[in-house]
Each structure stands twice: as structure tokens, then as C-alpha cells.
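To begin, one chain is listed below as C-alpha cells, in the form predicted alone.
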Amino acid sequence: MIIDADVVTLSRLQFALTAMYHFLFVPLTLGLVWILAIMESVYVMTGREVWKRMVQFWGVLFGINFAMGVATGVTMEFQFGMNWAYYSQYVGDIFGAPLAIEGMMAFFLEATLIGVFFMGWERISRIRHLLVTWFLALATSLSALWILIANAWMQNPVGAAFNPQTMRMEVTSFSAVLFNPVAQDKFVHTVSAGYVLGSMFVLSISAWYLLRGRNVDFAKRSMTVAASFGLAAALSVVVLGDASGYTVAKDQQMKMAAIEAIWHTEPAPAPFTLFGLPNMRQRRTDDALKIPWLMGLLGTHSLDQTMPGISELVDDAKSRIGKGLLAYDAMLTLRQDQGNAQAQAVLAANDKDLGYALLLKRSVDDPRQATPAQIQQAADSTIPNVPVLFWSFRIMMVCGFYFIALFALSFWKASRRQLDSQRWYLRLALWSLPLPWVAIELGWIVAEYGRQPWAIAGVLPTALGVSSVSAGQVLTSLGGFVLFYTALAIVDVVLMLKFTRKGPDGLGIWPNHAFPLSPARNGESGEQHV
């Protein structure tokens, strides 16, 4: 049966919507928890009560965000059975293990630690509570690790092989899955982006307090931590992003060619297109502004290696479709005659290309009956949306360098005790709050949209992974998710604004009688401090 394109499109839309919404909360959790750990470490080392109060206040906002992350993450697990049943059946042996481990980390270890974090202030010693906070930070990062291992396997499916008898991918080396180079690069790059977001969150809200002349000492200390941690994180994002890009150029050549709009293989080292207007119809980039050599240096870390162009990669895909058809025919033969030695040899020689033959199932029931035009269409379908990837990457890149500049400026001002000396800077810090979210979501668009048309790169086309459901059924569940997530968004925004406006003093975390007032400076009201 030829696949219903509407079901595929709606299923992709639903998963994209829920995944991108969920990832509004995950990176903030990743970053904010480490800032809590740093602040509490200062409290334990110095014994100054102000740092404990800071941990408690930012911990409230962390807790709200963590709860929303859990609520939005649960629904994503169900979608694999609801809308992606064949995907789950085909790769469940590999994909299920990291998800199961992540579930135990998130719902058992993290949940236990976060309970002790909030309830243990007066029940356990300072040192033990600090250990809980650090273990919570570590557990949060490890939880993200397992999700990224699963996702990286979708980008670079290592340590697995196709079994023609079960019609499934099965694990051959779990260590290869675990130490997938794509997983390592994605993990460090993603968590560093989360650290940037957590730092910007603290920096921006603290700037808001300073603009209003309230909680001044609290805000300055918070901004100092955020500026220091944020600068280190922003620098690491750029460095680790380069490593991630190198891995993409090696393992996902079509994605890299689309990101850089490399339509034809150019002599090494390839130039970097700083600006241009990708034209998919004519396969060229109009009004291109290029920097010589730069892309070759970044993508291959050499001066003598070429980067394949989109047209050449399409030709390669067409060749692999031909080999995949041999594997597909051998697979069907083995299902009828398991001992057929010739079919076993053909499948072993061409099994890496079987997924390319499956691309034909969007247009023909039996790929072996495909016409040359259908084969060419399938090869052309391996080109992702070049303009979307091209501009998403460049906007993300500009944001990354902006974060370095802002945190460097903040660090310099903090070192000179001038954080509240210029209101334009505070406004700049405040209005920069949404930018890390923009950069992170664009990063996921590049990673996931750039993988199309594959659910598992080179193994399983996205169109084959969907469940046997109607477009109307998917549309109904999509509408339900939109309503549910909209309600959660309203609740989250209301709670975040409510507790931010209350501030540490309004929540009783910073009681007026607990600390002496500091002298007013620069025309601002005094503020309790230690």
C-alpha cells in the first residue's frame, strides 16, 4: 500500500510541535541547576546566608520549570506507539534501551533528588544538602545524555544490523551505540547551550530587578555568577559546535551540504557562504558572499579534502538505491528460503543500502518495480530544505557570537562592580532573554529537519515509520496536544511571572528583618545584604 502523505506530514508536525515545546524547558533545567550548585557551594564555603537565599529563590523558578519539563516529556513517549508504531517495531531493540534508562533517571533519581533539595534545608546538614544539589545537577545532565544517545543513533546508526527474519534492526554492539561519536558531540554541545540559557535567564531577571532598584545586592551577586558561568559556556558552545560540525560533515554529508548550500563539489578547501539566497529549483545560491577556504577548514579540518556537493550526493543516493534493490530482493528470498547462500551473500554485501530502496515505497508498493523516473525522484528526495537549514544555522551562529560578547561585557562590568552603572546595558541584558531559546530551537531544526527524509539516517525513511492510522485521527490528537500544551504554556508563564515579580523578598526568602540595610548608592534604594 502506498503511504498516505497526509498521515506522514501530520505525524511529523505533531512530534515536531511537542518536541520543540518540551525543549523550551529542558535546556533551562540543564543550565539553572548548575548555577544553583555554584551558588550553594559559595554558601557552604563562606557560611554567608545571602547565598543560601539566592539558591532558594532561583530554586523556586527551577522547580516550576522542572515540573513543566516532566509534564511535556511524558506525552512524547506515547507518540512512538500512537503515531510511529512501525518505527518503534523496527528499531525498538536499539532505541528503547536509552529511553528506558532515561526514564529511570528522570522519574526516579531526579525526582528523588529534587524532593530532597526542596525539603531538606532544615533536615540535613549543609554539606549533605550541597551534595544533593551537585548530584541533582549531575543526574539532570545524565538524563539528557541518554536521550541524546538515542537521538544520535537516529543520525548515525552504529552498532546495529538488520535481521531479515524478524524484519528489525538489532543491537550488535551496545558500546558502539553508547560511544557513538555523534552522541558525544551532541551531548557536550547541547548541555553547553543549556548552560548559556540558564545563565541568560539569571542575568536577564537580575537586570530587571536592577532596573527597578529592588533586590540590588541579590541581583548583583546573581549577575556575577551568571556572567562568569555564561561566558565559559558561550565560549564552549562555539568550540564544541565546531567539533559537532566536523562530525556532521563526516557522517551526514547531505545535511552539511544543505546547511552550507554546497550544490556542487568545489576544489579543496571549500569556501564558506556568509550570505546568499539558496535556490532549490535551479540548485544554486544567488547573491552569494563567500569567505575563501573557511568551510574546508571548519568542515574537514584540512586544506586538501573536498566537501561533496548536493548534486554529487544525489548521484550517490541513486547508486545506493540500485544496490538497495539487490538487498531488498535478497531479503525477500531469504524470508522464503533461509538457507539460500547466494541471497545471504548478496544481502551481506548490500545491506547498508537497503534503506535507500525503501525510499521507493512512497511511490510504488514493490520497489523492484520502480521506474527510472521514480528512482530519480527517490534520489532527489534525499535533499532536505536547503533555505531553512541555511538560514537557521546562520541565525544560530550569530546568536552564539552575540552571547559571547554580552557575557564578556557582563563579566567585565561585574569585575569592576559596575553592573548597575548604565541602564542601556541592563535593558540589553533583559531583552536578550529570548535569544538562547531561539538559538536552541533553530539548532534542533538543523539537526532534525536536516536528517529528512530519514527517521533513521540511511536505514528507515520517515514515511515508513508511521502507524496505520488515518489523517483524521492524527489531526484529532494534534488538536488535543495543541490545547494541552497551550494550557501548560499559560500556566508556566503565569507562574514564572508571578514568582519573578514577587522576588525573594515577596516570597519570604529575603525577609526584611533578617539583614541590615546597606547604604544607598547611585540614587538607588538601600538593600539588605550580608
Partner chain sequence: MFDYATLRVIWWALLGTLLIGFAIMDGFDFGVAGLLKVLGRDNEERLVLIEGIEPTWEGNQTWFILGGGATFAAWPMLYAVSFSGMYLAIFLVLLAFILRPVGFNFRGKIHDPRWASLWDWVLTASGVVVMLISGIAFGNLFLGLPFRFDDDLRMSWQGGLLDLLHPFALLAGLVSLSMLLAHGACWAALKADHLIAARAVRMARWLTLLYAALYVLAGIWLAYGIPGFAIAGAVASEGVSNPLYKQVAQGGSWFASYMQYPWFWSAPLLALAAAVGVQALVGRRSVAGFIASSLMVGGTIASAGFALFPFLLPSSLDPRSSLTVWDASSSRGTLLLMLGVTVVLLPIILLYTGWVYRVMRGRVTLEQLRKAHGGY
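Residue numbers count along the first chain shown, from 1. Everything quoted here is computed from the prediction, not taken from an experiment.
Unshown form predicted together with its partner chain; subsequent notes refer to it.
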Interface segment, criterion being heavy atoms within 4.5 Å of its partner chain in the model of the complex, picked from 231-239, 213-221, 445-453, 331-339: 331-339
Interface residue in the model of the complex among 282, 166, 302, 371, criterion: non-hydrogen atom within 4.5 angstroms of its partner chain: 166
Sole residue of 159, 322, 92, 387 within 4.5 Å of its partner chain in the model of the complex, by heavy atom: 92
In the model of the complex, residue 352 touching its partner chain (heavy atom, 4.5 Å): no
Proximity of residue 474 to its partner chain in the model of the complex, heavy atoms at 4.5 Å: yes
Partner contact for residue 468 in the model of the complex: its partner chain, 4.5 angstroms, heavy atom: yes
Close approach of residue 312 to its partner chain in the model of the complex, 4.5 Å, heavy atom: no
Heavy atom within 4.5 Å of its partner chain in the model of the complex - qualifying residues of 128-153: 128, 132
